[in-house]
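In structure tokens, one chain follows: the form predicted alone.
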């Protein structure tokens, strides 16, 4: 069987000696059988290469559920209602979100002891909630089915692409993603000789290697549209040697999500920031992160298909793209503020009271704080964007 290195090598040769980094990243992450997310032995979590917020503690999914429930009520409590998750990882977010949705539904008009608020059920009955998951990886779809409960699996529908959904374009609901955009293939750009150019992947000429190896070479931009991702003011401030990672798929995916909804919201939770800050942070060193066995490594051309590759998303571009197709930004901040808004600190206070008598409560609280602490933690590095489309928006 051909190795992934050999497959990428053949693609480079067929393209005349070089491919974009986006093409390289697409192969090493999403090749149907050998790509990182489609390998039979791919692992995520404490024993894998990385973990995501839903894996840390159920409170993350509970807070997302409360946000979605608020949106549902603002929409007039439509029945049926759709929650669509893009790239559901291990299924932890789906499990915890549905658990909290059901808990809130059962509260009806009673006081919620966890978040200290009234959580009225406007319709006073169980609504027809559909939970859709769009997941390209059959390996991850199996993991998601294992993670979600029997009750949850009865309402979950799996699709490989958005366009497979039979009522695509007429959905009433919310599309949510966690760490989706940072895993979309990016182009590597550099500012050299007074203009933006692109870094391409080519074959290395190092002797004595059993497997093909890779290097980078500079050339003209593969797509003029790459320039439009940057805000205009950045183009005049770039300096010789600056390096940037951008993805045309950021815009493509937002437009596809927008087209799926007749009315509702898009909730994006991901690593990144708004421009120009998101670009200046890695202009001098590049912005690709490689994750292997819970460690960050710098070389994307080693352990091909065995390590994760990600790059920070430009939330300004996501907002501009959404506005162009009828969406307005209703909320943007970091993950810490998002969690605060939906009762995270009330749960921390509850655990603090219990910690004097139960060491497990202290351990649980420490796990939760991993999601929240803003200094170099998930609370500050991850941002949350909520975009809304009204029923009469064109």
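None of the values given here were measured: they were computed from a predicted structure. Positions refer to the first chain, counted from 1.
In what follows, reference is made to the form predicted together with a small molecule, a form of this protein that is not presented.
> Answer with one of 222, 136, 228, 105: the residue that has a non-hydrogen atom within 4.5 Å of the small molecule in the predicted complex.
It is 136 that has a heavy atom within 4.5 Å of the partner.
> Looking at 267, 254, 171, 86, which is the one with a non-hydrogen atom within 4.5 Å of the small molecule in the predicted complex?
Contact check passes for 86.
> Of 314-322, 233-241, 299-307, 183-191, which is the one stretch near the small molecule in the predicted complex, taking non-hydrogen atoms within 4.5 angstroms as near?
This holds for exactly one stretch, 183-191.
> Indicate whether the small molecule has at least one heavy atom within 4.5 Å of a heavy atom of residue 55 in the predicted complex.
Close contact exists here: in the predicted complex, residue 55 approaches the small molecule to within 4.5 Å, heavy atoms only.
> Does the small molecule get within 4.5 angstroms of any non-hydrogen atom of residue 50 in the predicted complex?
Yes, residue 50 lies within 4.5 Å of the small molecule in the predicted complex.
> Look up in the predicted complex whether residue 178 has a non-hydrogen atom within 4.5 angstroms of the small molecule, and give yes or no.
Residue 178: yes, in contact with the small molecule in the predicted complex.
> According to a 4.5 angstroms non-hydrogen atom cut-off, is residue 331 in contact with the small molecule in the predicted complex?
Although the small molecule is absent here, residue 331 would stay clear of it in the predicted complex, with no heavy atoms inside 4.5 Å.
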